[in-house]
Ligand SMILES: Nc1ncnc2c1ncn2[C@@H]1O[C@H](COP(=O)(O)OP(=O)(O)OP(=O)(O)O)[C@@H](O)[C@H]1O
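The form predicted alone is given below as one chain in structure tokens.
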């Protein structure tokens, strides 16, 4: 089972939209997929029409009560299941503060079942705490959705530092698979400059020992599309709401691109290096030698 975390500590970058529609697109491609909602706001759950009710097992029950994963997931679309979240999950950070090995709980519960799906996609909370650390300890890959803005480069640098520290302390096999540009307008000069910056940085990282040494910038760009913003209010993925719109087209292409990726086979020079303004690129420099301290959960 391929396990992927969709992660960005900055809100408003299309993280949940990407998690839901990427999972739905992969399910539409014939893969069996479970989407796990690790955000107490439960936006991924509600996006697929699931609202936690009394007596329903959620991710909170998995983490706090050790409820088996098989008892928490619901089938929402053909080939697509969701393990929902609820506001109760916000209390998990406090309730787990004194638990030994609290970062490993989700990994152990997932590994306790023989691979029931082709893919597990985790929608992470936009913060670094026990929930996100559980996600990063559980998965093999990280996908980073990124809005093409100047300040996004700073956020990307901090996020990569986090994956580096998790790799060293909790999950040695963790890899950053790719960066996905979301809410994208390819008609602006700024977008093209950000693309060049990221490509140059990733090229510079090739052959290193960092978790992002084999990462790539996905060629599929997710364009701004009003249908993507509307679909959550109908409790459907973009494929159930507006399957012919640009948003559905972009996520279908993105899903196929990610399904085709073989991270260990990436080669240097896949993207041509492009001239980049040095003041922007500095935001991504020095990640190997100056990692930010990772606060202890709890």
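Positions refer to the first chain, counted from 1. Fair warning: this is a prediction, and the values are worked out from it, not measured in the lab.
Omitted from view is the form predicted in complex with the ligand, to which the following refers.
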Q. Which of 222-230, 167-175, 113-121, 82-90 has heavy atoms within 4.5 Å of the ligand in the model of the complex?
A. 222-230
Q) Tell me, which of 183, 159, 153, 217 has a heavy atom within 4.5 angstroms of the ligand in the model of the complex? A) 183
(Q) in the model of the complex, is there a heavy atom of the ligand that lies within 4.5 Å of any heavy atom of residue 67, even though the partner is absent here? (A) no
(Q) Whether residue 256 contacts the ligand in the model of the complex should be assessed with a 4.5 Å heavy atom distance threshold; does it? (A) no
Q: Using the partner position in the model of the complex, report whether residue 61 sits within 4.5 Å of the ligand, counting heavy atoms only.
A: no
(Q) Using a 4.5 angstroms cut-off on non-hydrogen atoms, would residue 126 count as touching the ligand in the model of the complex? (A) yes
Q: Decide yes or no: are 11, 14 and 39 jointly within 4.5 Å of the ligand in the model of the complex, with each residue judged by its heavy atoms?
A: yes
